[in-house]
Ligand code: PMV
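One chain comes next, on its own, written out as structure tokens in the form predicted on its own.
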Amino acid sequence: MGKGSGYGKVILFGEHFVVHGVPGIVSAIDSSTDAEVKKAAKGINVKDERKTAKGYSEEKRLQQLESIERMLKAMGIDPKIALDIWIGGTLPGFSGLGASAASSVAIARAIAQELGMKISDEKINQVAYEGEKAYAGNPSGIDNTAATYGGLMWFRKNMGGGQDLVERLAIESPVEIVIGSTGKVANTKAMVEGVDERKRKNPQKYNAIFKRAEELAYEGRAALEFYNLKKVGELMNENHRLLQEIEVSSKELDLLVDVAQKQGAIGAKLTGGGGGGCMVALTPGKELQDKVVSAFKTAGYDFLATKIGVGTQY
């Protein structure tokens, strides 16, 4: 039996903007998706036992099968191969946490181990990127990179089709966060296409927003490296306002951001594709983290209390 894992992630700066070549900052979190694979008698059989938002597994089922087909092709494996695939782990299947990328990395690693293939992390990352196309259409590459390598990273997509820029970042120590789930499954592909269409129709407005998003990424990097968490939080709040302007937030996301900020979170924003899915609140210290968790519980929303900047590598 082959086994593999992939990290979950939060994007601190840059979602949607990274698709268009703007740099972003992504952090793996200390929750992962695990996969087990063994040869089977017939077909591709997936048993998904992750904790998920209602409807997540059903919504993603066809995309998941297409993703596996794409990965098999990228690995040079006969698409008619029969495999039993189990998916589980501590990372919930909430939209916005890179759950699809984490599962793609985990499955690719498990398939490689089961078939006795020696594959580098770089190749796993490429394979998972192909798998991500089933979920996101034109993925930025940021999710699969975080899922593969872990840690905190500066990411910039190579718009010419070459190697993406991935730079490891280090911070003084891990920071507590709370991820809140709207409970709504987001269609990342549709959200990405929507931004692209609106940007084409209104280039003047969108170019100004994208320029500020790039400035925020650089300012956020400096604040993280100097461990100025107050500044990081302020920039996250502004990043959320930009995401509202490009119409990828939702009333549920805005509500969770507001709840977190009222409880003292020093920064809060949607994370991932938007339109549902998740948001992230920066809550340094266990006491503040617990306070925000309690508020989310009272409001009836699912959550994940975790940390960024853990910095381990698979």
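A residue's number is simply how far along the shown sequence it sits, counting from 1. Please read these numbers as outputs of a predicted model, since none were measured by experiment.
Below, we refer to the form predicted in complex with the named molecule, which is not included among the displayed structures.
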Picking from 139, 93, 220, 150, the single residue whose non-hydrogen atoms come within 4.5 angstroms of the named molecule in the predicted complex is 139
- Task: Find out whether any non-hydrogen atom of residue 179 is located within 4.5 angstroms of the named molecule in the predicted complex, and reply yes or no.
- Result: no
Review point. Might residue 188 be said to contact the named molecule in the predicted complex, defining contact as any heavy atom within 4.5 Å?
Key: yes
- prompt: Is there a non-hydrogen atom of residue 75 within 4.5 angstroms of a non-hydrogen atom of the named molecule in the predicted complex?
  reply: no
Classify residue 192 as contacting or not contacting the named molecule in the predicted complex by the rule of any non-hydrogen atom within 4.5 angstroms, answering yes or no. yes
TL;DR on 21 to 29, 8 to 16, 301 to 309, 288 to 296: the one with heavy atoms within 4.5 Å of the named molecule in the predicted complex is 8 to 16
Checked 89 to 111 against the named molecule in the predicted complex; residues with a heavy atom within 4.5 Å, sequence order, are 96, 97, 98
